[in-house]
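There is one chain below, alone, in structure tokens, taken in the form predicted alone.
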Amino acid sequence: MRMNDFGGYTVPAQGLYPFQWNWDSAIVSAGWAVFDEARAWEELEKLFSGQWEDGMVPSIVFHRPSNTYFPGPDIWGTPQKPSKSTGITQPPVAALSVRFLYEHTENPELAEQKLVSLFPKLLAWHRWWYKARDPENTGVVAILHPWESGMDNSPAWDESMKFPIDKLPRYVRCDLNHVDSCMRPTQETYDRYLTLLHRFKAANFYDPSRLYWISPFRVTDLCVNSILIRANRDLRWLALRLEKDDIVKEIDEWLNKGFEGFKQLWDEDSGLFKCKDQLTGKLANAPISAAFLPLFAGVATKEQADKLTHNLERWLGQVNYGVPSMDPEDHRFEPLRYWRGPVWIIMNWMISNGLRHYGYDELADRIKDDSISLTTKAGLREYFDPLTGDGAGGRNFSWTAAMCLAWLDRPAAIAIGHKMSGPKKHLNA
């Protein structure tokens, strides 16, 4: 954690991800809280320093220059006027983290002060989601770019990403300088990422009132929506602490509509929740690990939960370590390629948490044990091969470290957390 500390914000991994990523940073704040509470709050404050006037919190905040990542600030803006952030967002984890920090504080006075400061910013972001990404008032929000989901190349986007690729300026990817191409999205996929970026930039520099209507990619994502519902619950809890009864009523409306909206994402035939292409009205045919996140959100019925766990047990029976990011029996399963097969510890935490909420403690323990085994065997990697347990992607990965500290609660990890040393600031990313 200290090694990736760039002075108030934590990069996910040096070189590969040299800026402050939105949901990474919110998760990392929980790790900081284990051994440096003030630094944990600073992480969130630094993230919200990039909040837009309309309430959006961008997916990446470019605090300082770096030439090790593409697309950087000169692409999101212009070379003459580089952007301070991306023009899109990411899953709204921050309210969960604020509640976690507040509930586990050893400094109540500091926690109260930070809550009062951050709450209006959290509320503005949640309101933005419903205004900018659910203007048709369905109760579930859209993502307009795969990067907004955090699951960049998920098989759930395969059909929705078949829009034409525009003529693009020549570009050179930087990710392949750090990670083998077999672990990363394909070049064709990147061309489509860039097509969306340039179309959005052309729309009056990411005007949120226009993007929803012009994007050729508009998907109801299970990850974002499950996290948003869970974050709404935590935001409501925080509002009660602050005695903001009018805001509690507003959040209750979001929750009620969200429960209704999730009904359209259930696929009875497969016994899974699925993402939905809003432009075609079709459910995605890809069984991905986000199918289990409605347990984390608490929107699944008991009958749905039983079917989900039956599927999950089948998946786990096909691999040595769970939870793979898609059904290992599916022909598209790739154990090393980003979100098309590997295990992500952050997903394991959310799925395990949801299972406990519904009373499936034994299955939750299995996932936690697998997470401990993976990080013990392969270290703090970005993601892991579910068949071999080998680490993949970035090394010394911040949110994997945070999960070890804040969730897995390994004595060894806690000890390391207190002893970690290294430069807290880096002049060059």
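Counting begins at 1, following the sequence as shown. Everything quoted here is computed from the prediction, not taken from an experiment.
Below, we refer to the form predicted together with a small molecule, which is not included among the displayed structures.
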Requested in this report: Tell me, out of Trp339, Phe292, Tyr321, Trp349, which residue has a non-hydrogen atom within 4.5 angstroms of the small molecule in the model of the complex.
Outcome: Trp339
Query raised in the report: Taking the small molecule in the model of the complex as the reference, which of Pro208, Gly87, Pro155, Gly150 has a non-hydrogen atom within 4.5 Å?
Result: Gly150
Requested in this report: Name the stretch: of 240-248, 273-281, 305-313, 142-150, exactly one has residues whose heavy atoms fall within 4.5 Å of the small molecule in the model of the complex.
Outcome: 142-150
Report task. Indicate whether the small molecule has at least one heavy atom within 4.5 Å of a heavy atom of Glu382 in the model of the complex. Result -> yes
Requested in this report: Considering only heavy atoms, tell me if Tyr17 and the small molecule come within 4.5 Å of each other in the model of the complex.
Outcome: yes
Query raised in the report: Is there a heavy atom of Trp21 no more than 4.5 Å from a heavy atom of the small molecule in the model of the complex?
Result: yes
Query raised in the report: Do Trp399 and the small molecule share at least one heavy atom pair within 4.5 Å in the model of the complex?
Result: yes
